[in-house]
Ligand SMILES: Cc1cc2nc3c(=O)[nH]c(=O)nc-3n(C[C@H](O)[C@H](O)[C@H](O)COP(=O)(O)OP(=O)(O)OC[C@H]3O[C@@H](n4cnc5c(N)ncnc54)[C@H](O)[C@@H]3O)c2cc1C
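Next up: just one chain, as structure tokens, the form predicted alone.
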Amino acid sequence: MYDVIVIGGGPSGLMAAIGAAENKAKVLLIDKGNKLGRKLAISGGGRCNVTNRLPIDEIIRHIPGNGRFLYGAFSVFNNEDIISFFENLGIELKEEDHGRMFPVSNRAQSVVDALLNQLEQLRVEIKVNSPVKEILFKDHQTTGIVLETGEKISSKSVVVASGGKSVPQTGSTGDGFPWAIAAGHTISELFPTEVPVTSSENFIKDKTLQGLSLRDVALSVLNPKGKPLITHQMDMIFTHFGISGPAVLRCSQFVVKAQKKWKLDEVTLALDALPERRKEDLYNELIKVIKDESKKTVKNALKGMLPERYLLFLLERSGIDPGAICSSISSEKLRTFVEMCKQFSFRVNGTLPLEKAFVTGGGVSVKEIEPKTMASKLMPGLYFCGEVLDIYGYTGGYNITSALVTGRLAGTNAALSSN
């Protein structure tokens, strides 16, 4: 008989098991895979972006999927507490751009090892290669679990930290959702977020821009009336199937939501390649260049203004022959070109599938979870944490912050309730 069983050895599960054991509970951490911390070991490009140091309001703003639910959790355990927690385990952290925190060692494995070491010191029992079949409930109370082998294990409380459905090679294949439904919970529809976007525009099919990276551009997802739903200013890249890169990953969930909300096959995106420049200023500047360099070809006069492939692409789209002499270019065509630089619109038709996404949107409805304890409001003794919950943020340490914070609270409170 255990006090707490934690299902899932990802970031939130490891944190839950440690939180429970620190509160003197007898803990079993169970995972269907052959080793713990697999998602953690590949996170942040193998360097493990353990949290983010931005102020709490900023962190919540970077978690567009129910981030506000975390205000309660952060009042108990927050990003600064995560930093202290790791430093107490001997993991020195350093801050990089946009508040992202990494281990000084630049090795995600060092973070995983420190957590596993802590589990060992706290005498947490670990079972790997043990898929869970179901969670047991009796007389409206959580009583334990049944493994796929048929073995029953009793406990006073169960923490579900089984992850979402993204990055399935790490073991997150959506196992927790049926268990949540069995306990009476609602699952918000799952969808991919932080995922590359697909397009069947001819210039994508023809691979005209494939492999081209644009730096610090502003990408917007437009509603059917042509107004931006969201704009992200970051880097992006054109691919053989559509677009990818940081700005695209952040816009992806809004593409999915727009398709669903307005029942659209295609959504329009607008790309501003020169977000720091005002349209009128850019036009006046180009008029001057064309006048001063009247004998040069357009592509030579405008060299360096944009990456060459993109410059030639936009010139052709504006009906300007890149090899034409500057003096032959009409002001109307120049206006069209400026419009294209500031708002090149194209259609996208969706995203790569959930399996290719970095983060799962949707999950166990947060309305049915106690915000300061992660306890189920519907089933005593049941707790949820991490990506199984309907909480999803941008990449940059926000999802892992949510996983570690909710894991900490779930484990701690599961232990306290079983005392």
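Throughout, we count residues from 1 along the sequence that is shown. Bear in mind that the values here come from a model prediction, so they are computed numbers and not experimental data.
Same protein, other form: the form predicted together with the ligand, not shown, and the subject of what follows.
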query: Contact label in the predicted bound form: N49 to the ligand, heavy atom within 4.5 Å; finding: yes
query: Proximity of T351 to the ligand in the predicted bound form, heavy atoms at 4.5 Å; finding: no
query: 4.5 Å heavy atom contact, V359 to the ligand in the predicted bound form; finding: yes
query: Partner proximity in the predicted bound form: A403 to the ligand, non-hydrogen atom cutoff 4.5 Å; finding: yes
query: Options 25 to 33, 53 to 61, 362 to 370, 66 to 74; stretch whose heavy atom lies within 4.5 Å of the ligand in the predicted bound form; finding: 25 to 33
query: Heavy atom of each of G19, K156 and S417 within 4.5 Å of the ligand in the predicted bound form; finding: no
query: Selected contact from T231, S328, S188, S130, since only one has a non-hydrogen atom within 4.5 angstroms of the ligand in the predicted bound form; finding: S130
query: Sole residue of V167, A258, L315, C251 within 4.5 Å of the ligand in the predicted bound form, by heavy atom; finding: V167
query: Residues in 41 to 55 close to the ligand in the predicted bound form, defined by a heavy atom within 4.5 Å, in order; finding: I42, S43, G44, N49
